[in-house]
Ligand SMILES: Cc1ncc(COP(=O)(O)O)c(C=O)c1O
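In the block that follows, a single chain appears as structure tokens, in the form predicted alone.
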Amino acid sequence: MPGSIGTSEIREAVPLAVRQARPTVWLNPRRVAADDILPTLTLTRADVEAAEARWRRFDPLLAHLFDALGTGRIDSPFRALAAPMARRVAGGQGGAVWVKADHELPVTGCIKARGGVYEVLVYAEALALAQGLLRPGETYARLADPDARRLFGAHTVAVGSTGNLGFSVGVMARALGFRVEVHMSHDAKAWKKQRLREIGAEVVEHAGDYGSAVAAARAAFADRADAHFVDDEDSLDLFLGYATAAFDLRRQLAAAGVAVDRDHPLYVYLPCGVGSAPGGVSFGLTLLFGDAVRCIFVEPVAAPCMLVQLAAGLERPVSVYEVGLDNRTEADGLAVASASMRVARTVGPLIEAVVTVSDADLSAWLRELWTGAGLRLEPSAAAGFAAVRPFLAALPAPPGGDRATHVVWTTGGALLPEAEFQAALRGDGTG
């Protein structure tokens, strides 16, 4: 790209500690007040509210298809950590520590259900409406009928994934009768590939990393009229599906009597891979709470793609390889070399900080959270806990002090096979 920023300039922009794969707290120097940035964005609160309304239209169908969804709503528990563990997480600083337990999301056991399931539903709705299978006022449970399944069975849903997004997309698409292709890097976890095959998805392996698998799948499905590609790097529907989680958290905060305002700030710690999930959640929360919410992204030291992108600027996509990092981490759900430019350009100015954490810290927290709080997590999902203390220590005086609320968003683990979980507890490597 003529005139674009070069690798040497990128290296200068990215802190040395990040380039040396050392745990780092990067306070975003380009953060902009919510009232200043939100009016400039194409997406609005109306878009997220429309996505929330679509979820509710699908409640009857989801309740019909999945026994675990009694009401059809896909949401997770919201729990306060007991005082001793909260002190361990926050180092005795700040206020209460809560867990938004998306590792326990029904059906898929991971945060990717919010985006992946939603995008499949959007595609199914569009096909059904185009074929006249849905009439005004008719229940969406109608989409489980044989004629709807015949329609969906003539179409393919494809996705590039390290595992959890592919599973979320695959479970929903197969439940409706779609064919499914999941494109994965060759080094993706074997058990995640097997899990996909067991639900009837075709797994296509690629020699390169996650980004290479996504690019290959995107190209393969670019001109397919009988297929839909779920693009984790550039999907608006995926982003909006995640953004609706903000409504769930607002409801749970209110039920718990937790105030969120200027005097009672809300800090939310979000593991970040390509960025769609934390980006969507951050966008939705900022729409609801403005600058009273502060979103902190958390990445592995070997794969801090969002930090590198934001530090280098938004002129062009930047890879962690350009700053000498190898993108190798046991947190496979976060092993992404290049961040979503859609997400970086949309929520980059709203991100409070990015914290990078080591695999050793992830492993240590995984064990401590299991033994001390009964949380059964994947390494990726432990990232937020490893970030709270260093983030607070990096601030001269955390706004809100004891009046602040800290929410750590967990992302996966409930469906981790027992052998894999035990290996993770031993530090043998899983994801």
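Computed from a predicted structure; not experimentally measured. From 1 onward, residues are counted along the sequence shown.
The form predicted together with the named molecule is left out here; the points below concern that form.
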- For residue 276, is any heavy atom within 4.5 Å of the named molecule in the predicted bound form, or not? yes
- Should residue 272 be classed as touching the named molecule in the predicted bound form when contacts are defined as heavy atoms within 4.5 Å? yes
- Message: Since only the chain is shown here, I'm wondering whether residue 112 would be in contact with the named molecule in the predicted bound form (any heavy atom pair within 4.5 Å).
- Response: yes
- Message: Residue-level question: is residue 164 within 4.5 Å of the named molecule in the predicted bound form, judged on heavy atoms?
- Response: yes
- Query: Hey, of 83 to 91, 247 to 255, 123 to 131, 329 to 337, which bit sits against the named molecule in the predicted bound form at 4.5 Å between non-hydrogen atoms?
  - Reply: 329 to 337
